[in-house]
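One chain comes next, on its own, written as structure tokens: the form predicted alone.
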């Protein structure tokens, strides 16, 4: 069968046309039309709502332990509305509001490129959640409510779209994370396709840590029949598209697969006066779609947990406190962090979760100021949990240049760069591998955020000059593509 997903020139072309270079950022005439700025929330004005509990009692489990997949899970752990509210808040809830100029920004629990928050959360509940009728719901972070979209137990339908993945069929509830591309494209245009997967990954970092703290089993799924999940949540696959599925809990009776699924026709509030499509983005997404269960099964794997974690992790704050306090550092002091802190951040953020795709991402970094670690460029071996020196020297200037000449890269203690072997990810998963690698980079970056903030340090995500980044870390990084940068250090 001739599958679009295996015609991998699509991913190569998209990556090429969305690269940043020294020249491209200077000849780009794009400007932000603030009068057309997208509204940051999806609103169903006529859907019935259920208010979630507001007394959240967030977990005090040390954040490093929560993000490193070390906590034991119990298949019998129930999910009630209180636990569900904590999970959804930690993934995408509002944590603070701030006025910048004439604009109000509502900051959320997980990091988002440009604070644009393109990711929506849908919940398919089974019969085991006390106080919640089985159905499909949309999570509204604006008012911490669930909006009802469909009645009935849709877990079986989602599981069938995942080639009958048993963890999805028997989950106590299933989350679908989708992207409304225009929210991010307003600023980043076609390149935002990458950023939407980063945002999904940072959200998953929070969600998986919160579930781990609750003793809940999770399964992160990126391989599914796109059209079936789109029909379920009422997405068109171009303006809005599902990116990832997360199964929460286990031990429930499987949902039915023979549900009648009429079109979802619920009005939503327009995001802005005008929305613009970007053909390169749409072409990439179409080329990475999976069309049937055979195609899903051909690339999906059953990958067990690879826990992270340091043997002698430093003292850190609790997960709930860390999530509420987390932000994105706007300025770093040129001060060092300790080698023990860097080790804890790298080790605890590098584990691979239970999911349906293999590890694809490698970790590189530029050390500017870490006590006990020579300044230079490094490769971090996830298997050995060791830093391999690639070249020694003071590279603050290069670090600042690579992340679009932002002082954050030069002033931070360490600049982490997540990369992937382009040929390997395409050979392994086709164009779908491009999605998975971007999401995995966001997951590692989101965990690095949490680890840094739990230690009283700061972090921020950054974009980059693509080819210059590869050249800087070569020859070791030859054939790889940069995915995401995260600067870590001492807030000024």
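Values in this document were obtained by computation on a predicted structure and should not be read as measured data. Numbering follows the first chain given and starts at 1.
What follows is about the form predicted together with a small molecule, which we do not show.
Enquirer: Choose one stretch from 111-119, 254-262, 165-173, 416-424: the one whose residues place a heavy atom within 4.5 angstroms of the small molecule in the model of the complex.
Expert: Looking at the partner contacts, the answer comes out as 111-119.
Enquirer: Exactly one of 61, 462, 58, 52 has a non-hydrogen atom within 4.5 Å of the small molecule in the model of the complex; which residue is it?
Expert: Filtering the options by heavy-atom distance leaves 462.
Enquirer: Though the small molecule is not shown, can you say which of 147, 326, 191, 285 has a heavy atom within 4.5 Å of it in the model of the complex?
Expert: The residue from 147, 326, 191, 285 that makes the contact is 326.
Enquirer: Is it the case in the model of the complex that 198, 330 and 406 each bring at least one heavy atom within 4.5 Å of the small molecule?
Expert: Checking in the model of the complex: 198, 330 and 406 are all within 4.5 Å of the small molecule.
Enquirer: Please tell me whether any heavy atom belonging to residue 278 falls inside 4.5 Å of a heavy atom of the small molecule, as the geometry stands in the model of the complex.
Expert: Although the small molecule is absent here, residue 278 would stay clear of it in the model of the complex, with no heavy atoms inside 4.5 Å.
Enquirer: With a cut-off of 4.5 Å between heavy atoms, is residue 434 one of the residues that contacts the small molecule in the model of the complex?
Expert: It does not: once the small molecule is placed as it appears in the model of the complex, residue 434 has no heavy atom within 4.5 Å of it.
Enquirer: Since only the chain is shown here, I'm wondering whether residue 96 would be in contact with the small molecule in the model of the complex (any heavy atom pair within 4.5 Å).
Expert: Yes.
Enquirer: Would you check, heavy atoms only and a 4.5 Å threshold, whether residue 107 touches the small molecule in the model of the complex?
Expert: Yes - in the model of the complex, heavy atoms of residue 107 and the small molecule come within 4.5 Å of each other.
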